[in-house]
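Okay, here we've got a single chain as structure tokens, the form predicted on its own, with questions on binding and movement later.
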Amino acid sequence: MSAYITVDLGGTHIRAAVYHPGNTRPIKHKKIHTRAPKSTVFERILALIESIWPEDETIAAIGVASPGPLNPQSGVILATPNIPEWENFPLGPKLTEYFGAPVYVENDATLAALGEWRYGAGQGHHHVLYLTISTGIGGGVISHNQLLQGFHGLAGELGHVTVLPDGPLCSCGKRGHLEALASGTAIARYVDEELAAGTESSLKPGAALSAEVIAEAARGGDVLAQSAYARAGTYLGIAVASFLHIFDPSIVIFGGGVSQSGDLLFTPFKASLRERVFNPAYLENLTIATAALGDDAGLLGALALVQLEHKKA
């Protein structure tokens, strides 16, 4: 019997699983730390895949969800902040050479979009916009049941759309991107800056200041914490209004830890969205949903990818 292996490469952990075609329940699953003494990240990926390789079964393909930017056509990681040594790293070709199986590599947020469309909150929709809001902001788009990848395979970097020219510095080094204004990191940075400027709050600056801590303070009535989420939600609405104008999805799915803040983020988001769409028709029958796959989004997105690609091959 044939099977698929999928890998979800994160900054802290690498997860891998084995699936039979047509089944989303893994027959094997394992998680390890991304880094360890005396071994490279690539060596750890090899060892992890070998450890779950099934006996007496043929691996039809391997799918990898990786931080980007990357080129899914060549399988080359162009750069990734969590693994700086991987500049122009040919992950796909190296895995193919080692295991002798077809390997498909795609951006992790893009694959989360594909997974949610195929197996999660986006089932039944043909036009899907997905955004994950956590330390950074990533995304993906399904249009007419097709994953949008673009000419270079770099489409879907929704977190790096400019919403405030000359705004705060983004993790990519550019200013005013959505990620710099509405991510968990951006929320914490805004509060930290306001505290340094003398704004009164129950919150204290320091390493413990996180979007989750700020959300808890906001629910307790802290005005600064509430304003931080209102600010993030407003900029998120500005960006998503533009995304609606471009892609016209029937559902917008939000994943990532910051999306778990509920009304703190989504009440100002929806108000901002309504204010900025140039025609209310974009909002008619539009579904706003939270992601359903949780930590499995990358693995299942990679599974959806390899099954689609394997059918083409």
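When you see a residue number, it is the position in the sequence shown, counting from 1. Keep in mind that what you see is a predicted model, and the values were worked out from it rather than measured.
The form predicted together with another copy of the chain is left out here; the points below concern that form.
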item: Contact segment among 253-261, 57-65, 281-289, 38-46, judged by heavy atoms lying within 4.5 Å of another copy of the chain in the predicted bound form; value: 281-289
item: Another copy of the chain: the contacting residue among 136, 92, 233, 156 in the predicted bound form [heavy atom, 4.5 Å]; value: 156
item: In the predicted bound form, the residue from 101, 148, 213, 224 that sits within 4.5 Å of another copy of the chain by heavy atoms; value: 148
item: Triple contact flag 127, 143 and 238 to another copy of the chain in the predicted bound form, non-hydrogen atom at 4.5 angstroms; value: yes
item: Partner proximity in the predicted bound form: residue 163 to another copy of the chain, non-hydrogen atom cutoff 4.5 Å; value: yes
item: Close approach of residue 152 to another copy of the chain in the predicted bound form, 4.5 Å, heavy atom; value: yes
item: Contact label in the predicted bound form: residue 219 to another copy of the chain, heavy atom within 4.5 Å; value: no
item: Contact of residue 275 with another copy of the chain in the predicted bound form (heavy atom, 4.5 Å); value: yes
